[in-house]
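For reference, the chain that follows is the form predicted on its own, supplied as structure tokens.
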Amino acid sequence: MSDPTTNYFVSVAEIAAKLDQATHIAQQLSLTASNARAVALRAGERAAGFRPLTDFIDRLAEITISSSKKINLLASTLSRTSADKVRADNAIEHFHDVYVRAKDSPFIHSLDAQFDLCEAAQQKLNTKYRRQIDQLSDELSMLSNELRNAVILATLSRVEASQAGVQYQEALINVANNVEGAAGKIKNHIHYSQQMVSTLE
């Protein structure tokens, strides 16, 4: 049987790796916003409606980077809680083995006080572990929902790009395509991370 502790740390490492990739994509998205802003300024009034969208692209990048850092911190905290939980689970299992093997011993109940303390600690860790998984799951869901706005953003960007004139239209449409593509990649990383979280539950 595979070691649950090892499986857990593999899952957390994979979540961290996926979120690191998402951060790099978000940083590129921020660069895309800067380039789009420069093109929109050159286009002048014809791209006036596009300029506010560049602020939204920046915000999307900032949220992704901030959430990725928060998620990695949550995963690191969960990692420590999980290690404590595994130790507590193993201790309880050993207590049960001793109780079964030494059930006729006249001194077996001298273990009761320590067993009760260990069991109380295990229950607290289980509650803490469950709460931290819920926090991690909620943060991933929030980021995933935020990225849905990127599709709307890309559509609006294409509409605004069509008003900018032939000279700037292609560059601004490329911005829209880059935003949609980047958001799609980040969503894939988030979805994979959500699957990893489900293996921890």
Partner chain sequence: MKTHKLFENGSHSWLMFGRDDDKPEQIIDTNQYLVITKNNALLMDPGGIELFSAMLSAVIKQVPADKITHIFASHQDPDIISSLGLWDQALPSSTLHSPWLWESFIRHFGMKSITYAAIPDEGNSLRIDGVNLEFIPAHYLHSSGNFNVYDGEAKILMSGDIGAALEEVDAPLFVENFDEHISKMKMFHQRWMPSNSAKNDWVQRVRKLDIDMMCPQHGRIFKGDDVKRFLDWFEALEVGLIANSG
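Numbering follows the first chain given and starts at 1. Just so it is clear, the model here is predicted, and its values are computed rather than measured.
Beyond what is shown, the protein has a form predicted in complex with its partner chain; the following relates to that form.
Novice: So in the predicted complex, are Ala120, Lys124 and Arg130 all sitting within 4.5 Å of its partner chain, heavy atoms only?
Specialist: None of them does, since no heavy atom lies within 4.5 Å of the partner.
Novice: Does its partner chain get within 4.5 angstroms of any non-hydrogen atom of Ala91 in the predicted complex?
Specialist: Because a heavy atom of Ala91 falls inside 4.5 Å of its partner chain in the predicted complex, the answer is yes.
Novice: Can you tell me if Ser76 lies within 4.5 angstroms of its partner chain in the predicted complex, counting non-hydrogen atoms only?
Specialist: Looking in the predicted complex, residue contacts with its partner chain do not include Ser76, since no heavy atom lies within 4.5 Å.
Novice: Relative to its partner chain in the predicted complex, which residues of 107 to 137 have a heavy atom no more than 4.5 Å away?
Specialist: Residues within 4.5 Å: Phe107, Ile108, Ser110, Leu111, Gln114, Cys118.
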